[in-house]
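Below you'll find only one chain, the form predicted on its own, shown as structure tokens.
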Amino acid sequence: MITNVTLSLAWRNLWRHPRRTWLTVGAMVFSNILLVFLISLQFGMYRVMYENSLRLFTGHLQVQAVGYIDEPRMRLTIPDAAGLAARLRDAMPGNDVAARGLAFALASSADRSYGVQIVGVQPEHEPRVSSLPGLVKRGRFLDNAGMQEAVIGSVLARNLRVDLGHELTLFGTGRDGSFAAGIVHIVGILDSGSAEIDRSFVQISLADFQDIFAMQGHGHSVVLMTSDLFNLKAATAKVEAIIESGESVVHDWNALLPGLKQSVQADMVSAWFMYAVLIVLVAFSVLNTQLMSVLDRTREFGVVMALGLSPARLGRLVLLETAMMAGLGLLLGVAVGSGVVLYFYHYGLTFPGLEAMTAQFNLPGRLYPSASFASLMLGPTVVFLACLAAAIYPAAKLLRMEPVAAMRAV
């Protein structure tokens, strides 16, 4: 049991050697500041990574026909996709919603033909759920439905030897199994930085898509961008209440892009190897400090043990001293680290060349750390526990200490 006398004695023992105590606390504070900032910046970068990957095309949620996610067949469609998107926008204000149609077809120019993915989009709503419209480097994005316009990837334009204003002929299979064909005019060329998109991507208006592929108002997905990427339960429940059960299903981004979360988790594990080195160094510093403290007070411990104080109580005293020291390092480290994180949370972090690099992918030119309880407390808490673990060995030495031998120690 820890009493006020024990607390007072432990605190006084810490400041017998203030320089040694402050050096150890300083190591804790420095490591905690570094961990708070790095973990917060890492979480902020992960958020940007999630948003960039999902906003490129996938979205946070998608409504699809049952089975479409496993086998994207042309006939697995959503009836009146544009109407469903309109109902979702009315029922869920503050969320961005757009309907799409997807098909694989043959795109032919005057010289060449290539297999492509045709995506029918709503020009007035697509920029709110996808960053691709902002990546059109030449020309413009679609602005009129039913005008036989197309936006294609830069690699595809080079492969087909076409440019702005040229025509593309699309050949495919309609929803009803009929032969589908249409002619579109290129009004924009996008450069997403993704080779897969740039070499096989064609966007046309959803109205043109439905005409060419005999969709009769159907679509293949309704994409939603919500206000909170990591809390989709409420949004999913609202969407499920609106769609017709049995015909359509709601998938979140974990189901749509399962590899995204796994790649982030793998990166987090590799980062923690680096953090572990820093934490181990701090733990050894604490081990050295407390071991020196025990050795310096060997005769003192022998005297109090001879007077009847149990070795277990002395061991708890050493652990309490360590907990006080680690607690002080945690409080100071979190306080200063939080100040650093909050500063960059408001003003951002940049370095030469970052803005030019991120502009290519339609991303912000500054990095912003994530200020959350987990990002601020995760690292310092691990340091605190590691310091307590490091103090177990010095405390255990007291359990084997003999009073007479200890009093005779030089």
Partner chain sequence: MSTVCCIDLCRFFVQGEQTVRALDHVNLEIDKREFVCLSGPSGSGKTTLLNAIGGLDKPTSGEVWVAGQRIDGLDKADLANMRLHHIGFVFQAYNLIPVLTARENVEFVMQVQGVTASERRDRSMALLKEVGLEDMEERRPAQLSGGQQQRVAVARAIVSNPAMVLADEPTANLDSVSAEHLMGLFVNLNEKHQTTFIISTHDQRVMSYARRLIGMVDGRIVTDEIR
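Numbering follows the first chain given and starts at 1. In this text, the rigid core denotes the largest set of C-alpha atoms whose superposition between the two forms falls within 1.5 Å. Quantities reported herein were computed from a predicted structural model and do not represent experimental measurements.
In what follows, reference is made to the form predicted together with its partner chain, a form of this protein that is not presented.
In plain terms, the part of the chain that comes close to its partner chain in the model of the complex, with a heavy atom within 4.5 Å, is 302-310 out of 302-310, 118-126, 266-274, 105-113. Although the partner is absent from the chain shown here, none of R19, L332 and S338 has a heavy atom within 4.5 Å of its partner chain in the model of the complex. Put simply, L23 is far from its partner chain in the model of the complex: not one heavy atom of it is within 4.5 Å. Interface membership of L9, defined by any non-hydrogen atom within 4.5 Å of its partner chain in the model of the complex, is confirmed.
Though the partner is left out of this view, A389 does not reach within 4.5 Å of its partner chain in the model of the complex, counting heavy atoms only. The shortest heavy atom separation between L399 and its partner chain in the model of the complex is within 4.5 Å.
With the core held fixed between the shown form and the other one, R297 has its Cα displaced by at least 2 Å.
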